[in-house]
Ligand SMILES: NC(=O)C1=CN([C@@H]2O[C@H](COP(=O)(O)OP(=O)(O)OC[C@H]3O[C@@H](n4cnc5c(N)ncnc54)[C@H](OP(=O)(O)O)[C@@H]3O)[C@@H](O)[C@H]2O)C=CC1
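Given as structure tokens, the chain that follows is alone and in the form predicted alone.
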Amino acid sequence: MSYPYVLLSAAVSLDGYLDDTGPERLLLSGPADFDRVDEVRAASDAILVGAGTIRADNPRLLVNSAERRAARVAEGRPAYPLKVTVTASGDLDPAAKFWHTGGEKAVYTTDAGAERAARLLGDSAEIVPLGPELDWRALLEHLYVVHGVRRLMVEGGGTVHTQLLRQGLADELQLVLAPLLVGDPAAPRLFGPGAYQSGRLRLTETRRIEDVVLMRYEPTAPGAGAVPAAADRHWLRIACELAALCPPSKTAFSVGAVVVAADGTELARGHSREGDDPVVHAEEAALAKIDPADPRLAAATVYSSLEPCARRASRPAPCAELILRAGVRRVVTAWREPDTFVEAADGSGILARAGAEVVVLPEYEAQAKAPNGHLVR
């Protein structure tokens, strides 16, 4: 499955509330931050909110800047991103501003909700049934494959943010903290209770905007088993970037690798032909930097831009075997090894037969191939 980059955007009070219980929406930030949000919208292919947010706030979800809309059109994109909502029941108000402003709209719902939504909305939006229950992974894959959405901005509400984070599907959280206290237990909060992903999120930016603070976070904890998490995409991107650092070779691939503990701690990274070793492989270079007795290896994930090798001429042990010897039982890769140097290479098969899980994220294959263009036609 291939998914868009999912960015969660929210503003909260100091005590974690999205709004109060008054009749008017509580404005948590000011003009400068609203303009920043407009810029993020303009950079997105689609904007998503839950049906509850449409009922509570009646948002238009537009790119307000004429200059930004013109720039989108000049790039060959529609003036407005696709507007998306999610509803299990299909209970939608056809008079809401959401349906009467901007460009194309899509509703993702259940089989039962689709009938009701179609009756209420007519041809105002594309209606996509996801089955007996809402399926976020199916929704994201549909956006990616059918609508070409590569960057999805999610603007709420709290239930939607909670579900995406709990399922490990959020690539980034942009959180604005406002200098207000709500203190009303009946008011909506940003996140609800439940089992969230493990590990700490990585703080990538803080920025003061008038009297609010923008904080940007990325998840770090790898997924479990065959189900990829957003952090898997983050780490695999880093592995592909490391591949671009390799000294070029006519007889070996350029590969990058990162080893990450279950809590999201980076244990080591490496790339092919690193340092003074002209034949070292990426996974080999990374694993050599970790104490073999490190107990975190058993639950760690190896990210490699290319499938770990099954056979090699330069060293007695191929990378698939080195990974197994280290005790690692989960590997995420972007690209299966072609027959350029080794015919019928199957490092994934060696790993799988030994009980390791191999996850392939093909959306990163082009990035993994880029430094190897002279070897692969």
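When you see a residue number, it is the position in the sequence shown, counting from 1. Note that the structure is a prediction, hence the values are computed from the model and not measured.
What follows is about the form predicted in complex with this ligand, which we do not show.
Contact annotation: Ala10 falls within 4.5 Å of this ligand in the predicted complex, judged by heavy atom distances. Looking at Ser124, you'd find every heavy atom of it more than 4.5 angstroms from this ligand in the predicted complex.
By the criterion of a heavy atom within 4.5 Å, Gly50 is counted among the residues contacting this ligand in the predicted complex. This ligand in the predicted complex comes within 4.5 Å of no heavy atom belonging to Thr206. Contact with this ligand in the predicted complex, defined as a heavy atom within 4.5 Å, holds for exactly one of Gly270, Gly158, Pro228, Pro81, namely Gly158. The single contact residue among Glu321, Asp57, Asp346, Asp45, judged by any heavy atom lying within 4.5 Å of this ligand in the predicted complex, is Asp57. Stretch-level contact analysis of 297-305, 140-148, 232-240, 160-168 against this ligand in the predicted complex, using heavy atoms and a 4.5 Å limit, identifies 160-168. Against this ligand in the predicted complex, the set Ala285, Ile290 and Gln367 makes no contact: no member has a heavy atom within 4.5 Å. Taking this ligand as positioned in the predicted complex, none of the residues of 214-250 brings a heavy atom within 4.5 Å of it.
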